[in-house]
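Shown here is one chain on its own, the form predicted alone, set out as structure tokens.
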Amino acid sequence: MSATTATTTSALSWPAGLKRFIAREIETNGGRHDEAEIYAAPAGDVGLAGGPGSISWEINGDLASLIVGGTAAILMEVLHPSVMDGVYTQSSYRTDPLRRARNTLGYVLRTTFGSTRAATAVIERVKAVHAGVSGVAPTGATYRALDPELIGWVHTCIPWAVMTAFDRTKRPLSIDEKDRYLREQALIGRMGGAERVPESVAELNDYVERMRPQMAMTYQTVDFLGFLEGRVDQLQPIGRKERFDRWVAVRASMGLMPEWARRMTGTYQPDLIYRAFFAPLDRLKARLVRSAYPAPPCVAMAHQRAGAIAFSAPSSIS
């Protein structure tokens, strides 16, 4: 949902036609996530992240938080020059720009709501893909994609951004709830190859400060950010309006992250401007998504599999 669209719909009552349009866009860009072999069986299996009643199922089941926090999570990941080099040299983000965002969303949903067997298989498949990825970052550092430190950083950026998006656009989370969420998600990070990941807000703060000196904007990061904003390497020409919408969306999402990261990426906006313009846009975007597409189908499927009372998920968009 673009910033301009969000602004122009703020005064509307969100009719059925608008909801159908938003739902269709979500499924086109992010996928449907209703694979029976991943989410439907076996009966009674609660999966890896805690099952019904867990804070992970509440937060990661809120598609709006995944969407609002998604750009920030990806940008924070690639602030590590070694992660950025792997994405820059090995991925297809230029020719298939939606793929990384779609894969990240799918990974979060499958590892949270998939059966234990299916979620484990997804994690192992990602590890296998990364097994042969290595290189030399522009900083001169050699790396392997399966380096536990890199995996730990990439893992941490996702729950960090999503949790913050939920806290700011859905409902405030207590420190205990944030600690439980990070602890539930930590298992997935360790299974992915990280040796240790934060399991509390205090550990998250310490971890980010410890990793912060390794972050940098290389020419690859500048190029990647320019691509996200529609300024460079576009397969199809992008008009001024869409470039502005992308510029706004990147800064709104990065507003979830610390000031040092916003300054490093050039996405910093003064707090007064962020609170007056960018934060309300994120809240409006979240409300629109929740109204049109409250949860991916996999959430209801997982509740049914685990034996809980299923709540409604949107039907297929025609």
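One-based numbering along the sequence shown. Not measured: the values here are computed from a predicted model.
Unshown form predicted together with a small molecule; subsequent notes refer to it.
When contacts are judged by a 4.5 Å heavy atom cut-off, Leu150 counts as touching the small molecule in the predicted bound form. The shortest heavy atom separation between Val154 and the small molecule in the predicted bound form is within 4.5 Å. In the predicted bound form, the small molecule stays beyond 4.5 Å of every heavy atom belonging to Ala161. Contact check for Met211: no non-hydrogen atom falls within 4.5 Å of the small molecule in the predicted bound form. For the candidate spot formed by Leu281, Ser291 and Tyr293, no residue has a non-hydrogen atom within 4.5 angstroms of the small molecule in the predicted bound form.
Checking Val133, Val248, Ala137, Leu187 for any heavy atom within 4.5 Å of the small molecule in the predicted bound form turns up a single hit: Val133.
Exactly one listed residue, out of Thr120, Gln220, Asn103, Ser200, brings a non-hydrogen atom to within 4.5 Å of the small molecule in the predicted bound form: Asn103. Just one listed stretch, out of 172-180, 237-245, 112-120, 83-91, contacts the small molecule in the predicted bound form at the 4.5 Å heavy atom level, and that stretch is 83-91.
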